[in-house]
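Shown next as structure tokens: one chain only, the form predicted alone.
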């Protein structure tokens, strides 16, 4: 898909972070922009940002919607057609949440919340929008489907179990949809970023009341840690531009690197991680120890040369505490996976 001007884009989770960055990028290309989010205040602020970015107010539609509610999501799709005259030519599903903690501490609510937003909302959107898009645009004009996934889709994470599982499923769905949509003159792209300068660190604040029972240690201080990490992430508009290039060139997987050699290196590293699962535990431990030694050597050389070593991802503000820990009252969890009291 290369011709965006005058067409319609819908971005789920478009009121902030990566979704808002995508709305800005494709709106700047002359698309009519519909954004969906569950937070009305965020939608109101996003509309102001889009207008300030240069997108005409008449080309912006903000819809408050619960993306996990199929009836509500269908209402959202109907609204887009009512206002803009048809379904989106470009569907980008970006809404996501995350919470961190040992997978063995996870509750049903942890899985239902994270997978409900990160996976089920994608399924809902595909089943609601794709038939409409095919009927309206197949062999008539360009249209495309995209979803924001994560680097976590390619790797396991004992502290991000529900999230990594959801994102792995999202990737596989998009591979399937790319193949399925080819006969209609379309395709699919899955964006797999790492760290994004977004508000996802605050996601726990918006967890539904009926899904609040978590096995993880979650409070304002753990969210402060996450905010500090995400503040160092890629700019959402830059990430949106990378996605645009991938869609224009019909890439199925979009990695957050402008450099083709960089993308290839990222995939090689990810594939190596998966390949290592075929090895024995002793072999995997040996590889992990070698990597740790190489990292420590690089940091020591950086110190000796007078250069600052890279800031570790676990560095946090003074008013924060480590995230990714289990609740203290869970009696089956290894003590090392709980907050260590000083």
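Predicted model, so just to flag it, every value in this text is computed and none were measured. Residue numbers count along the first chain shown, from 1.
What comes next is about the form predicted together with a small molecule, which is not displayed.
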query	finding
One stretch from 268-276, 159-167, 130-138, 75-83 that, in the predicted complex, holds residues within 4.5 Å of the small molecule by heavy atom	159-167
Heavy atom of residue 195 within 4.5 Å of the small molecule in the predicted complex	yes
The small molecule contact at residue 68 in the predicted complex, heavy atom, 4.5 Å	yes
Distance check, residue 214 to the small molecule in the predicted complex, heavy atom within 4.5 Å	no
4.5 angstroms heavy atom contact with the small molecule in the predicted complex for residue 60	no
Of 243, 97, 91, 188, the one that lies within 4.5 Å of the small molecule in the predicted complex (heavy atoms)	97
The single option of 117, 247, 218, 105 touching the small molecule in the predicted complex, heavy atom within 4.5 Å	117
